[in-house]
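Below are two forms of the same protein chain, given as structure tokens: structure 1, then structure 2.
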Structure 1
């Protein structure tokens, strides 16, 4: 059995005899030679990931102006940064949006612009004090002009990530990208076999103080990341590094359509092969790493899972879902993750990167908890009108008019012979058809692409859908698409008005 120390490995880095391979190469080597022989031959295994890491940002120190200012609010290219730190320090987050350009530009773009050497407009306001009399400033700065630009990312390098699909009838726009209706695609994230934490699942060599590759420069693990949930296989890391030393090759801003901005970031961690256990851990394959495909059309944290799936299946391009082959797409770049692992490998072989032992181990049994909510959130099923009238497809406009008059509803869901929703008509649709003497079949005048909610959706989700689509009612359907109720804009307005007056 192999036993070696990090210092022994560092000595081999110094004398040029270290043997370094990537995690992808280690999987093949262990399959060929076995765990024990691979442990004897390999000193370090490098990992890498290159994906959307929203929880990314930079602390900036601008230096003092003359006369000095104690910044109360600050904007960089119209993107607000947080200033509740010190007089001329601020933290700009990757997902903060521009007040002028909205979702097309945000904090991640400011960070990339600074790294690219571009000038950025700094605006700040203040309330003024005796020692900081200035109340506003506007100037142009570059990365060279700031004293420090320290990247501090509260949550990066997810051990693995849930995959996403969309069981509704309309496309939705999420942090997992655009999800096509009726489970038209499956989106996933993470590097699988190259994922840093998947290659050290017990966090034996990755912990506080571990030296890492971050954005093309050396960085460090600060602590476990926010939402660190190793009990379910979803560990995360909080990391830091010097933006001034990073490279745009491994750090790029991006926008997810109708969702917002994010930062694509290259992150890699060397795994020292201290013994046979570490060799076995780093032999993990894409087939060994599994996750769940969830229905992201359900706007709740406790989404229903479609099925378990391996990264090998996801990377194949198609997965079986609900009896059909569904195309998969990765939000991460495996090509760039591999580039990170190879770049880190070359640094170690060339003696430019040495390993560090963790100063403190990360938690192995923690589970992230949901937010504590002291006020109960009403659900659609609590406020919907259950006495909803429907009409079957194929009926006439005259019959729909009689139904609307009889039941005194302005909205009439249209169902098929099995009772499943296929469309909706309004009193206005019917009145217009009658005025134009189009009294025959109902089908031509009904809206087929119906916006719906489920009974367990929060009321505020229903309110947002009404506002977003400029409609006045939402049929409530169950998992079989049977109509079980309806909510209206008028009803929700009354509910919200009562809530605000209490």
Structure 2
């Protein structure tokens, strides 16, 4: 049984005799030679991932102006950065959106522009003090002009990630990309066989202070990341690196349609093969790493799972879902994850990168808890109007008009003989039908694809549906599709107005 130390490995890196392979190559090697022989031959296994890492941002120090300013608010190309720290420091985060351009430009784009050597407009305001009298400033800066540009990412390198599909009848646009209706596709993220933490699942070698590959430069692990949940196999890392030394090849600003901006970032970690255990861990394959496919059409913290799936199945191009083969695709780039692992491998081979032992281990049994919510969550059933008038299908437009006038209500759900929702007509639909003299039957004028909510949905979900579909009322239906109430935009506004005045 092989035992080697980090120092021994670094000595081999120094004299050029080190044997480094990528985690993908290690998987094949162990399958071919077995754990013990692979452990004997290999000193280091490199991992890599290249995915959307929203938790990416940079601490910038601009230096002092004359007269000096203690920045209270600061914008870079119209994207606000956080400056509630020492006078001329600010943190620009990847997901902060441009105030003028919205989702097409944001913090990640500012970071990419800086790295590209472009000039960025810095604007700041302040309240003025005896020592910092200046109240505003506007100037053009480049990456060379700032004293420090330290990337600090509180939550990167997810060990693995949920896969996503959409069980609803309409396309949705999420941080997992475009999800087609009726489970039309499955999106996943994560490098599987190359994932850094999946290759060291007990966090024996990756810990506080571990030197890593970050955005094409050397960086370090600060600690375990936010939402670190090793208990469920969802470990994360908090990492840091010097933006000035990074390469555009491994860092790209991106926008998820109707979601917002994010940053694609390359991150790789070398795993020292200290013993047989580490060889066994790094032999992990896509088939060994499993995750769940969730229904992202349910806008709640706990989404229903469709099924468990391995990265091998996800990467095969299709997974079986509800009896049909559904196309899969990745949001993270496996092509670039490989490039990271190979780049790191060549750094180590060439004697340009040395390994470190962790200064402290990461937690192995934590689970991220949900947010504590002190105010009760209003539900649709608490605010809906229960006295909803309905009309049966087959009635005429004239009868619908009478009903609307009688109940003084603009929306009239249409139900079948069993009381189940089949459509909706509005006062506008009825007026239009009368104007066009099409007054005999309701069926041709009603909307059949009705947007609805359930009684136990939070009010926020109803508000989002009203806004998203630009409609003014939602029938509330129970499990049998029976209409049990209606919520209106007007009703919700009253409720929200009451809530904010309390």
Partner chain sequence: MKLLCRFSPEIIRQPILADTIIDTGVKIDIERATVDASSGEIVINVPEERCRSVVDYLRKKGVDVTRLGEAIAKDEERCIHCGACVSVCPVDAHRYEHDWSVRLDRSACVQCRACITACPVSVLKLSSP
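Note that the structure is predicted; figures quoted are calculated from it, not measured. Numbering follows the first chain given and starts at 1. Take the two forms, superpose them, and find the largest set of C-alpha atoms that agree within 1.5 Å; that set is the rigid core.
- In this comparison, the chain shown as structure 1 is the form predicted on its own.
- Superposition of the core reveals a Cα shift of 2 Å or more for residue 439 between the two structures.
- After superposition on the rigid core, displacement of the C-alpha of residue 145 between the two structures stays below 2 Å.
- Rigid-body rotation of the smaller part against the larger part between the two structures amounts to 22 degrees, from C-alpha fits.
- Taking the core as reference, the C-alpha deviation of residue 380 between the two structures is 2.6 Å.
- In the core-aligned comparison between the two structures, the Cα atom of residue 403 sits 7.3 Å away from its counterpart.
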